[in-house]
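Before any questions on binding or motion, here is one chain by itself as structure tokens, the form predicted alone.
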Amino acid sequence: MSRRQGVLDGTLILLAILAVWQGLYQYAGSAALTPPWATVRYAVDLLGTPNFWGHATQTLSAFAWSVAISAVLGIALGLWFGAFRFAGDVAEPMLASLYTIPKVTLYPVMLLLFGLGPSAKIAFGVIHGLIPVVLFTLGAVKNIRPVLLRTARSLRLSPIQTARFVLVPAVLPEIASGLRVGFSLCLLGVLIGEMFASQRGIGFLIINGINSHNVKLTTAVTLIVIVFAVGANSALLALDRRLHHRG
């Protein structure tokens, strides 16, 4: 019953979005955006062109690297800060403060450090996605119930057994939540990086469409990005809920 309700809710939301989109088109006209069906058709045609996939490959490569770096480094730092309580108490407010800084203000620094090219896009993705992973992992370790550790000691589990059967199941759901947030922010960071200083990538296509007043291209590429982001985030959300349910 809940699955059928979810499908119904999703359908109603989609229809509402399409209605609002069509209404905005009727109000603003073709100078601002294209209608839903025309955008979908152009997006499908665009997906069949080698030029689009050349740009998409650049974006997906930078995105994959930024997610991998954010995940590995974020989990490692989160576990370290969580294991050493004083370091965590010092780092947590600092990271939370850094997280509130508009990342776009750091782009000149990224250009100076990494120059133009894929490295700057990856770095810009990492500075967006790293901190949420660290904070979620840190919070998961800090909030482990003491009774779990006492039970592990009473059962005389080895450190490896304690990590495998106690610590990992306890922190994994929160880490999954952090990775889901980091995933979305890494994508945002890479796209913004491509908009500022790049000649390749999906972000470049969007900003190039804006600069050349190619509304059809801009709207279609934006739709493709939204569909990818929503689809991937929905899959990660389902995994996140499953892990929390098991926890």
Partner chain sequence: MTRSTRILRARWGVSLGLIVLLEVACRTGLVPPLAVLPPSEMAAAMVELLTTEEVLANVAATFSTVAVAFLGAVLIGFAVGVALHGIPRLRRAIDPLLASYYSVPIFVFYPLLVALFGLGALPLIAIGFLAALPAMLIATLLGLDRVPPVLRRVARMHRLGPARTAALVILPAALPNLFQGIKLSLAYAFIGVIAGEFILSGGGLGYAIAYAYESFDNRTMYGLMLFVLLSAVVSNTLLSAWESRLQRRRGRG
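Residue numbers count along the first chain shown, from 1. Keep in mind that what you see is a predicted model, and the values were worked out from it rather than measured.
Heads up, the form predicted together with the partner chain isn't pictured, but that's what we're talking about next.
- Using a 4.5 angstroms heavy atom cutoff to the partner chain in the predicted complex, none of 54, 133 and 224 count as contacting.
- In the predicted complex, the partner chain lies farther than 4.5 Å from every heavy atom of residue 37.
- The closest heavy atom approach of residue 169 to the partner chain in the predicted complex falls outside 4.5 Å.
- The partner chain in the predicted complex comes within 4.5 Å of a heavy atom belonging to residue 32.
- Although the partner is absent here, residue 60 is not a contact residue: none of its heavy atoms lies within 4.5 angstroms of the partner chain in the predicted complex.
- Only one of 94, 76, 155, 83 comes within 4.5 Å of the partner chain in the predicted complex through a heavy atom, and that residue is 94.
- Remark: of stretches 170-178, 133-141, 146-154, 83-91, the one touching the partner chain in the predicted complex is 83-91 (heavy atom within 4.5 Å).
- Contact residues in stretch 24-51 (any heavy atom within 4.5 Å of the partner chain, taken in the predicted complex) are 24, 27, 28, 32, 33.
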